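One chain follows as structure tokens, the form predicted alone.
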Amino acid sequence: MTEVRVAGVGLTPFGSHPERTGRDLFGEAALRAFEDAAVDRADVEELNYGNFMGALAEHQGHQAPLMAEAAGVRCPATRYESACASAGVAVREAVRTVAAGDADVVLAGGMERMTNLPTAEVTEGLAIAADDLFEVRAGVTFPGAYALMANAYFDAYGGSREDLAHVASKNHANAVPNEYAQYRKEVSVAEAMDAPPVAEPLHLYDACPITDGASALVLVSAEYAERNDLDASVAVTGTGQGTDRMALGDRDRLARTPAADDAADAAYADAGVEASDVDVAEVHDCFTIAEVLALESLGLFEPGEGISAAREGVTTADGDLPVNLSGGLKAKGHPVGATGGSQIAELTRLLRGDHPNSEHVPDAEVGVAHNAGGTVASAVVHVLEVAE
């Protein structure tokens, strides 16, 4: 198998950009990625593009050819959809393509445009990632679904709203120096505790925002990087994917995420590393409880121990295992079709040492990215390492 290197990464600022089109956003991210990579667009052999709700938000299906045009590439282009894990799946398939020797250069990433719609329409659009027959028609929304998961976790292992408030406060603090983050402001634990409820026990600062944005990665084979004298010092050494039952009511338990368990196991095995080797992580914290569940599925904490990690300072910027130094979905933002690519971009910058928060992980060599779809019915995990 061929080693896969991250030659370049590109992001748009995450936030509210209702005046911009999706193709404009992805074109910007791709431009930044090519500039970072110093790779000629003509060398791109495939485009893997993630998007979830473009047909609803922009009345535009069949987006892959449009995004190839926006990126300035002429090659086979495919759109991947796996709810909030859309870009993660797109990146995974790009990694597998390069690793198998089927291509030397693949452009991967994603885009979502959401703020041009009223909040109620965004909520309705996101809800199609749940089981329509048994959840959506009964009135379930994702805040409500994750509230059920949070309550199940508290019942099984203990924990409190204050523990979740520490997760929110940590991630907001991490976002402050990140030039791509939507909310570059600190939020204290007290402010998070005092925020209005959304779905108990989740309050306003437990939820990620509605976001527009795009991500792009130029992935290349190690041989291509060497031939072209590229500065591609980070490798994607492991990838894994998992699936669970769609509806919460069909699952054996709500306080665990088996899809992420499976994805993590596969990614670690693929990379030849263990959870104990991980120095830094970017995880899918669409709600604060989701970060806790992710940490435990990744094997970074035992079941029931992830809830106190932020409060005890283990996962803070200066802790033993910094998590979501980008600000996470919670504060950096969550353009759902772009998030999986964004996580890889942020980890790459952290491991290269050119991220504004790299100072907190100066000796990091192994990073892990966790991207989830829906209530983690889909999950993708990638392992990144500093290349030897």
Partner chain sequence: MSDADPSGESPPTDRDYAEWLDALADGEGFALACPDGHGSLPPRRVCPECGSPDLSREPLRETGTVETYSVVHVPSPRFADDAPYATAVVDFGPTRLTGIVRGDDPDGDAAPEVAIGDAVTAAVGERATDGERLVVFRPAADRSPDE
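Predicted, not measured: the structure shown is a model, and the values here were computed from it. Residue numbers count along the first chain shown, from 1.
What comes next is about the form predicted together with its partner chain, which does not appear here.
For Asn151, a non-hydrogen atom is located within 4.5 Å of its partner chain in the model of the complex, even though that partner is not displayed.
Its partner chain in the model of the complex comes within 4.5 Å of no heavy atom belonging to Asn228.
Contact check for Glu124: a non-hydrogen atom falls within 4.5 Å of its partner chain in the model of the complex. Put simply, Arg137 is close to its partner chain in the model of the complex: some heavy atom of it is within 4.5 Å. Interface residue among Gly313, Pro303, Gly272, Pro197, judged by heavy atoms within 4.5 Å of its partner chain in the model of the complex: Pro197. The listed set Glu223, Asp155, Glu162, Asp277 contains one residue whose heavy atoms approach its partner chain in the model of the complex to within 4.5 Å, identified as Asp155. Here the chain stands by itself, but in the model of the complex one stretch of 285 to 293, 304 to 312, 67 to 75, 248 to 256, 248 to 256, has heavy atoms within 4.5 Å of its partner chain.
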